[in-house]
Each structure stands twice: as structure tokens, then as C-alpha cells.
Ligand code: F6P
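There is one chain below, alone, in C-alpha cells, taken in the form predicted alone.
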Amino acid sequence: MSITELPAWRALAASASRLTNSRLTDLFDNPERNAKLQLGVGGLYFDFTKQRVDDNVVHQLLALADDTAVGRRAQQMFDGEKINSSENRAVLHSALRGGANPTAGVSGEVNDVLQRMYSIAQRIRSGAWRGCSGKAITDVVHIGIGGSHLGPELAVTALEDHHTTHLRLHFLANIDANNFRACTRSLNPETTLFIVASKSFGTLETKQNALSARSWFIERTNAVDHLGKHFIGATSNVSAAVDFGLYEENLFPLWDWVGGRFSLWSAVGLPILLALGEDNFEEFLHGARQIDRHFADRSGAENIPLLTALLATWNYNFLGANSLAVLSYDQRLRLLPDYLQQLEMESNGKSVTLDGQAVDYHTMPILWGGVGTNGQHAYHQLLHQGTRAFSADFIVVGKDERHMQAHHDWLLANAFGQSQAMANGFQAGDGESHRNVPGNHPSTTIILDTLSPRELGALLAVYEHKVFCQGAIWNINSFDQWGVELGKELAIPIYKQLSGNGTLPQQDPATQRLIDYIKIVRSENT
């Protein structure tokens, strides 16, 4: 049976019709409602009061969670059952921070790897790790893409105030040669360490960038026998990494029960550990672990990840919000929308159910966003006076950590003012309809007490569990990404045609025209 046939789904559809002409401002007058929609955990405060829901809708959403067995599926995940059905894998990223059920049986190996990470990080940070010429490491380049890149770069960038190292951290993901050149331009190969993060050690972009990094290093040092002193790997394909030239003792495992976009808590997060040090990294894991426990223990509308997912489902499936704007009012969180794009859209951008049937409802909308207040002078015009339905997450930091109160007060004033305008709107006088702002757009405001390792870990874990809950509600697999694989496969024969490597069948006419044009351009420029 489709979830659209469930009693709770039908009730929610009726409530959406009932609330069609209602205003958010009418809901604000209910103190009891507002109190229930303000929740806190792990140094985070969630204000859901600007969501277009009344008590009846919240009860119906909780009934939908019951009807779709979200709680039972969560227990299956924590217990290590293979809920990633298309790949026959467990989903245990919470085990990486000690948040999974011990019966899952992976805590021992997780702790062993974590202790190895602490040991190698201490050697690199202290200068005991020496490169080919006996010099200490000064720069670390993390090579990955997608899930093995976005999380570590976000955490290292966001937690810059908590760095406890002289090391300079760099991130290389794009296969574009301009990215490689910009990353390596000012580096000394004798004092540079590369971390190659790839589960298969064959991901196209990561492999090509790693090959170029190896060539760059050897050409400048002629120290091919010392390659292992300048490359570390996080992978499940040990033999491929050793063939590449890495030392097996400097390789860290990536388990098949951790998807890439959930992997920053693993050895993929080594750059975070190098930047923050062991104590801060433990706090990062602790923040996420607090949310794991909250998610497992709290019931109903007190469960923040569950409520976040239910309200998002209400917005997407019943109010017609076709996009989610993530608006980070802190420059340090400027990469958060990029990270969440992969976490949410790659997880829940699906069109078939767990039993292979086409869905007859919308799943994940477009997630996008940016940093405030810059966005107010760009796309906020569309948000306020455009014609599309959307929802928004406003994310701010409560403490003035720069001790520049005027800056911080204005930043917060703008964030709260923008959410107020989205909710309340503005009605101008006669003859000034061009000034009208409809308002009535739902939003959530999330306040981090401070931007510390603990709070950031907690925030990211909330979004992880939100993704799981929505996937359970929509009856889809949030933990595979077969759509990503198709584009990779199609690129292989195109690459061979572009490089002139062998005779291959013609592409479809549209693609072949593009290939032919590139060949013309290249021939004219030789």
C-alpha cells in the first residue's frame, strides 16, 4: 500500500486544505503551542514556532511516524540490521561516535582504528613524522570528493577557532586541473602530506588527483622510495592503495556499513583530528553521540530529529514547498549548505520504494542556500516576493565569540528580521502593491550556544537522523546512490573518445556533437 493511502496521510491532506487560508501570525497567539515547539539539546536550541502547524497537525504527523514504523526502523539501524537493502549492508555510522547499540558488534574495531588515528595524528602534529628530507610536515592536503570531502572541509573551516596546530589544511576534490594547481601552487613537497580518502581507491576524481599528486611529488623530489612518508589512505581497498605506493601501516579502513556522506566521524575525518587535536575531536564525537541518545530515547514531539523530519515532510508533501533554503548566519558555517546538499539530496533523492515500486508522492526537494547577510542582497528578493513555495532553516550562533558586539547584534537582527518577514509578510497601502510581501513561509531557527566541536557535532547528527526519518516515512532507501553511478559509467567511453584511446562506437547524436566540437577546438589551438 502506498503511504498516500495511510489514514494519517489522508488526515494531513485534509489539514493542509483546512489551513490553506490560515496565517502563521494567527498561530503565534497560542502560548501552549509555541512552548511545545521550542526544544533544546546538546547546546542547540530549535524554534519551530514559525512552522505552519497547529496541535492537530503535529498529532497527525506523529501518527504518520507510527504508521510508517520510524521507531522500529531506527532500532533496526542501531542494531546493525542490513537496512541498506539494495547493497545488503548495515548502516552504523552512529557506531563511529559510540552511539550505536553495542549488540551491533563493531565497537571494538571502531575504537582500535580511533586509537590508531590518535597515534598517527600526534606524530604529525608534534613534528615527529618526518618527510623524505627529514623535515617535519607543515601542510596536509586531503584528497576526496563528495562524502569523503564535504564533511571534513566543513568541520575544519567551521571550527577554525578551535584549531590547535601549526599545520595548514587544504582540500582537493574537483577533477578540474585548476583546482589541483591552486591547491599545490605554494606547497613544498618535502613538507606536504597527502591524505587520500576513497572507499574503493578507484573513485575517478580522487584517483586522478592522487595520481597527479604522486607525480607532482616525485617530479620535485625524485624520492619515489619515500612516497609512503607523504601519503596516507582511508580506504577499504588495501591492495590498490599499497600498489599505489602507500605503506599498509598508514592505511585506515572504511567499512561497508558507513556511507560516504556519513563518514566524517571515521578516518575520513582525520583532517578534523589533525586540526583540532584529540580532546576537541572527542568533543565533536560527544556532541553527535548526545543526539544519538536523544533520538533513541525521546518520544513523540520531544524528539528533535523526528520532529524536524516530520515538519519537513509536512512542508514538502502537503504545503507544496519545493525547496529548502539553508541560511547560515555565521561566516564559519558558509560550507554547511554544500554539506547538507549531499547529505539530504543524495540520500533521499529517490523515486522508487524499498520494494521497487515507483513512488506516487514527492520525496526530497531541492536544498540550497548560503551565508547571511550576503544572501539578503541576492536571492532573498525571490524568497520574499517570488511565487514559489519554500521552507527555510535559519542557523545562528548565540554567543558573540569575536567580542565585536555591534557586528554580532546586526547579524542576529538581520537573521531574525528575515525570518520574521518570511512569516509575517508586509501589506503596503493603496497604490503600492509593488511593496507587498506575502509572507506565510515556514521556517525553523536553530541557535548554537557557541560554535564549538560539541555543538557542531550535535547539529550534523540532527540532520543525519532527519534524513533517516524522512527516508523511513517515504519508504525509500536513504543509503544508496545508484543515480550517481550512472553518470560515472557514461563518462568512461566519452573520456576514451576525447583522449583518442581506441575506437569506440558513436555516442548519441547530441553527445557526439559536443565531442566533435571539442576536437575541433583542440585542433585549432595546437
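Residue numbers here begin at 1 and follow the sequence given. Since the model is a prediction, treat every value here as computed from it, not as a measurement.
One more form of this protein, predicted in complex with 6-O-phosphono-beta-D-fructofuranose (F6P), exists but is not displayed; see below.
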| query | finding |
| --- | --- |
| 4.5 angstroms heavy atom contact with 6-O-phosphono-beta-D-fructofuranose (F6P) in the predicted complex for residue 490 | no |
| is_contact(residue 370, 6-O-phosphono-beta-D-fructofuranose (F6P)) in the predicted complex, heavy atom dist at most 4.5 Å | no |
| Partner contact for residue 261 in the predicted complex: 6-O-phosphono-beta-D-fructofuranose (F6P), 4.5 angstroms, heavy atom | yes |
| Residue 346, heavy atom within 4.5 angstroms of 6-O-phosphono-beta-D-fructofuranose (F6P) in the predicted complex | yes |
| Partner-proximal stretch of 287 to 295, 194 to 202, 305 to 313, 396 to 404 relative to 6-O-phosphono-beta-D-fructofuranose (F6P) in the predicted complex, 4.5 angstroms, heavy atom | 194 to 202 |
| Option touching 6-O-phosphono-beta-D-fructofuranose (F6P), based on a heavy atom within 4.5 Å in the predicted complex, out of 63, 498, 484, 69 | 484 |
| 6-O-phosphono-beta-D-fructofuranose (F6P): the contacting residue among 447, 145, 411, 83 in the predicted complex [heavy atom, 4.5 Å] | 145 |
| Stretch 321 to 344: residues contacting 6-O-phosphono-beta-D-fructofuranose (F6P) in the predicted complex, 4.5 Å heavy atom cut-off | 342 |
